[in-house]
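Next up: a single chain in structure tokens, the form predicted alone.
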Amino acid sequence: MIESLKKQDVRKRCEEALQKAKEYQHVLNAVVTFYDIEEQLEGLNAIREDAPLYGIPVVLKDNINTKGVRTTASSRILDNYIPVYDAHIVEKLKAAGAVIIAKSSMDELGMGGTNRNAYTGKVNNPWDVTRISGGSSGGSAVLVASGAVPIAIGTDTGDSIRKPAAYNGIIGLKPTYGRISRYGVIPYASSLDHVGLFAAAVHDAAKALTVLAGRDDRDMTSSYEAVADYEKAINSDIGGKRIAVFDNVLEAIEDSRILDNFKQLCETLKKRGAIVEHVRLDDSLMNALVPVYFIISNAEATANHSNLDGIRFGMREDGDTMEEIMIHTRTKGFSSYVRKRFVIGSYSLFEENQEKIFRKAQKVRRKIVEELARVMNGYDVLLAPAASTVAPHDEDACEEKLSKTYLVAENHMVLGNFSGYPSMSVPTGFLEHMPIGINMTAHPFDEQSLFDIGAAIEEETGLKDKIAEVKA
């Protein structure tokens, strides 16, 4: 899609993208803030026309700092926050010639998987607006799936790019931990957060990663690993590629139609010369994914957002004392869902609880990562359905259950956050007129295998640049 867009007039394509996003807003509710793009269009005069994203319209998740443009992380408490600097990835995008048209809605502070708890309200799926977009990067996913933009930026702490990608029928990439700098990104959980992206085609995702990846001294977790030209290196001839099928996930899925689609894909990959074998992780460790994630992520979030108190930062509510101001501000500034997560995080960090809860969760996380490394040894990617169902209707969406389907099939992608391994979701078909997809996890800094196999899947399914028709 990026290459076809480049054949159009720059101003025309950017203005059309902005107009389309505005036209769809009352239906999808995907945008928090629209840009005035005139200054950026004028700024392109200083950019070479052969820049990789020259004049390409993009969208940023609203937890990414943008100088002079409101950045709320879809939380009431940050409704008045206007950053004084750009995030590293914003600098990268602008240098590559991209034009930012909007900041997209998200689950508040990144906490959620439905995009129902944004301060601006639920984001709707463009394939069926009665269904959820998935979260927390739902707004970015929806704006790519609806055809408003070819590239959108998201963040992923548990599966917040890859699950919405599956629900919306697009590519969702979470690269290796440290592959993209997080400088200027409002955090959720620092040891789990990744910056990633959405695209409607594998080649576009590869091009975008080449732009965004690389060392940034302002983020000490960013990697010195050399950045490849991922798009140029794509090779969809996957003969000899070794693919491990994730049996724990298959066994937890109840919908036979999801399984049939996945099995058919596996047969197709075999016909293309891939070696497809079945593996499984220790069941007790798989059942620990959700509790370990909740303990670590909420503890880190509590520490990261301790400054959102109405005194040092964010919106302020009235009170007679400093304590009252903080209580009133946090009560009105955060949704009940987020306040609940802060309670969990605070409890885990109490001095008397740190060893038996937080430290124990960290130890279990290490065992999970060791088990993942053991199972993936000798394989290029680990393959599984990205979700156990199509995107649920709003009233059916539930994030916290204790069923095997929820604990394993709906949360297995957190393995990529625990380990930092790169992971990507790719659409593979439709069910009930809604998209479904698969997820692949590769070894650290082997994003190329994800793109190679993803391109082969794309060729077989014919779903490249498949866009939803939105009735605005």
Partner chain sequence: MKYETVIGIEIHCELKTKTKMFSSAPVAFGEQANSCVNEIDLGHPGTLPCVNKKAVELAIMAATALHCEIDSLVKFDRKNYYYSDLPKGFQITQQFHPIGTGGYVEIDTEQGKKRIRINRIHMEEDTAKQFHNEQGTLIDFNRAGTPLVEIVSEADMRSGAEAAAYVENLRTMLYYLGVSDVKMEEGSMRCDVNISLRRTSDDPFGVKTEIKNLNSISNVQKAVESEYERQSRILDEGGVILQETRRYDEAQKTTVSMRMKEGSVDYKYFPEPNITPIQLDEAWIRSIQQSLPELPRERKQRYEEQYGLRSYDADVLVQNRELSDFYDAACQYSKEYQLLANWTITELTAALNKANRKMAENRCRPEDLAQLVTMIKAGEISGKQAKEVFADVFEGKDPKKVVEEKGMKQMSDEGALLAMVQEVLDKNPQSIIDFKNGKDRAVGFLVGQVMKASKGQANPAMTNKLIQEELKKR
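C-alpha atoms forming the largest set that superposes within 1.5 Å between two forms make up the rigid core. Computed from a predicted structure; not experimentally measured. Positions refer to the first chain, counted from 1.
One more form of this protein exists, namely the form predicted in complex with the partner chain; it is left out here, but the text below deals with it.
The closest heavy atom approach of residue 187 to the partner chain in the predicted bound form falls within 4.5 Å. In the predicted bound form, none of the heavy atoms of residue 76 sits within 4.5 Å of a heavy atom of the partner chain. For residue 419, no non-hydrogen atom is located within 4.5 Å of the partner chain in the predicted bound form, even though that partner is not displayed. The closest heavy atom approach of residue 337 to the partner chain in the predicted bound form falls outside 4.5 Å. Just one listed stretch, out of 388-396, 303-311, 276-284, 153-161, contacts the partner chain in the predicted bound form at the 4.5 Å heavy atom level, and that stretch is 303-311. Contact annotation: of the candidates 379, 119, 262, 183, the single residue with a non-hydrogen atom within 4.5 angstroms of the partner chain in the predicted bound form is 183. Of the candidates 267, 229, 217, 318, 217 is the one whose heavy atoms come within 4.5 Å of the partner chain in the predicted bound form; the others do not. Taken together, the three residues 35, 445 and 451 all stay farther than 4.5 Å from the partner chain in the predicted bound form, as judged by their closest heavy atom. Using a 4.5 Å cut-off on any heavy atom, the residues of 320-338 that reach the partner chain in the predicted bound form are, in sequence order, 322, 326, 330. Superposition on the rigid core between this form and the one not shown places the CA atom of residue 370 less than 2 Å from its counterpart. Put the two forms on the same core and the Cα of residue 324 is off by 2 Å or more between this form and the one not shown.
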